[in-house]
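Single chain ahead, written as structure tokens, the form predicted alone.
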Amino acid sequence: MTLGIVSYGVHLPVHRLALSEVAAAFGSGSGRGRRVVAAFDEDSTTMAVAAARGLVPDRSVESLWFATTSPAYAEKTNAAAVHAALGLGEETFAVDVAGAVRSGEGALRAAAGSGGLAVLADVRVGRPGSADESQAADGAAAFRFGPSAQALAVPVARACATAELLDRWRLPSELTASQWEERFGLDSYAPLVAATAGRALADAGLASADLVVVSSPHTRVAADALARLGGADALPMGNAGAADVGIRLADALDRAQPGNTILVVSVSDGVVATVWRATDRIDAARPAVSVRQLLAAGRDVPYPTYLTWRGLLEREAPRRPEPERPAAPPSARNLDWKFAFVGSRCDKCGFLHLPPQRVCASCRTVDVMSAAPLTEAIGSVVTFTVDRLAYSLSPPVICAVIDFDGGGRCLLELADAEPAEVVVGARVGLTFRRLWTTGNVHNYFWKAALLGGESVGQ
């Protein structure tokens, strides 16, 4: 059975780094444009959840393939946290495809073969003042695959070439990557791109495609390939590592018309070329917000703050006790609440409890509760406080009491918000974030986000 893409989503963080500020810091020209920056409480796991939420409303999918070059943990499966936050059943196979930019293609290929979910996410870090810093981007994309009769795009042909090149590398203990002299990569990749893309187009019975997408962390290779293959209107965004091919494919799907063909060429440690054809479902199945609309939004973050978030600038820590390390047993006992924001609703009186309770706070009934998943719930700010002393990489901390539509009240931290933006009655949704990291343990939970500030494509 042929499988195709039945839905997709993209997450681009709301923060932007003005490259003019970087240039001013190093006295290196004017610096043009802005790069997409993950917030201090975002990592590849949280961004993966943001991109994939909404793609599995029935909480049932055969497999989850998580690709990244910036895993939050080594040895521990990061896909398991994404799986838990999406509320998927334990029968779903979830695995990391981590370590290389090419992992993004691996996740797409594995999910396409099994009818699964491919989630690609990355946080890209370059040395201060480097081309990697200014020409990178953070973000995530997710694709659910299913029967071609339900698909918005189906694969028509694929060709690949694998090449062992010392073009770009990073030791596992390093934060930033190294790259060989650019002409070496360009001379090595150019013939591979031409041959591999040519084979894919020939197998599809095409001389050219309606839309051409090229993804590569090697900027000269990407520009050369795009020009040779006739690509136009490339997404004006830096390279997002393992997530890059997914974000650019999503952008092409945003713009494709029914029947259009899309040539996607991914260049890293070889070349993978895939020809997709958009189906008649493409117009109805697109996310409400396009990739380019997400990219055009955002707010600037000061360069010193960005460097602090990435651990490249050590500043004095808040003179407050660090948060405690999360313990494994209570985290396991409260898995549905902690990762999937599942409350409990009294079957007798309908009262909604956040966090879940055994005894109803309204009618005192015991153990007569149903699970109430609320990750897609909308609510309003009842009251809030601005704490300028609490431990945080991005003070002040804003905490708000939220009343959710349909019941349920909860105290949550606000993400991506400035104190002047928060008012009583403001409408909020939920976003999965990393609250803090203590003792080499990440503490994940949900925060509230002012509506319009969360970049969820679907």
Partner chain sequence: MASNGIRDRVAVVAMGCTTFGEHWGRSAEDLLVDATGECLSSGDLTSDQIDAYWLGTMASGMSGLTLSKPLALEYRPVTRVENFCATGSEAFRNACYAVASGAYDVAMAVGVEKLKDSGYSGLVRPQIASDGTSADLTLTAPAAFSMLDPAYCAKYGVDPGTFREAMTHIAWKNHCNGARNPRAQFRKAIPKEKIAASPLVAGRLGVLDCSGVSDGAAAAVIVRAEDAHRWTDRPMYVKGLSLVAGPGSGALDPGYDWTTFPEVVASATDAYRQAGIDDPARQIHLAEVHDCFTPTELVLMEDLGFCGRGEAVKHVLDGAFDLDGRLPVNPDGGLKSFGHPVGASGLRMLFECWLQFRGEAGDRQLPDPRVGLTHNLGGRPGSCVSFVSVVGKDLSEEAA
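Note that this is a predicted model, so its numbers are computed, not measured. Positions refer to the first chain, counted from 1.
Form predicted together with the partner chain: not shown, discussed below.
Asker: Go through P323, G99, P258, G270 and name the one with a heavy atom inside 4.5 Å of the partner chain in the model of the complex.
Answerer: The residue from P323, G99, P258, G270 that makes the contact is P323.
Asker: Between the options P355, P373, P304, P128, which residue brings a heavy atom to within 4.5 Å of the partner chain in the model of the complex?
Answerer: Filtering the options by heavy-atom distance leaves P355.
Asker: The partner chain in the model of the complex: within 4.5 Å of a heavy atom of each of S148, T196 and R199?
Answerer: Per the other structure, none of S148, T196 and R199 touch the partner chain.
Asker: Indicate whether the partner chain has at least one heavy atom within 4.5 Å of a heavy atom of R364 in the model of the complex.
Answerer: Close contact exists here: in the model of the complex, R364 approaches the partner chain to within 4.5 Å, heavy atoms only.
Asker: Residue-level question: is R183 within 4.5 Å of the partner chain in the model of the complex, judged on heavy atoms?
Answerer: Result no; R183 lies far from the partner chain in the model of the complex.
Asker: Can you tell me if A420 lies within 4.5 angstroms of the partner chain in the model of the complex, counting non-hydrogen atoms only?
Answerer: A420 lies outside the contact set for the partner chain.
Asker: At the 4.5 Å heavy atom threshold, is D403 in contact with the partner chain in the model of the complex?
Answerer: Yes, D403 is a contact residue.
Asker: Partner absent here, but in the model of the complex, which of 137-145, 285-293, 328-336, 106-114 has residues with a heavy atom within 4.5 Å of the partner chain?
Answerer: Contact criterion met by 328-336 only.
Asker: Residue by residue through 363-386, which ones have a non-hydrogen atom no more than 4.5 angstroms from the partner chain in the model of the complex?
Answerer: Residues within 4.5 Å: R364, V382, T383, F384, T385, V386.
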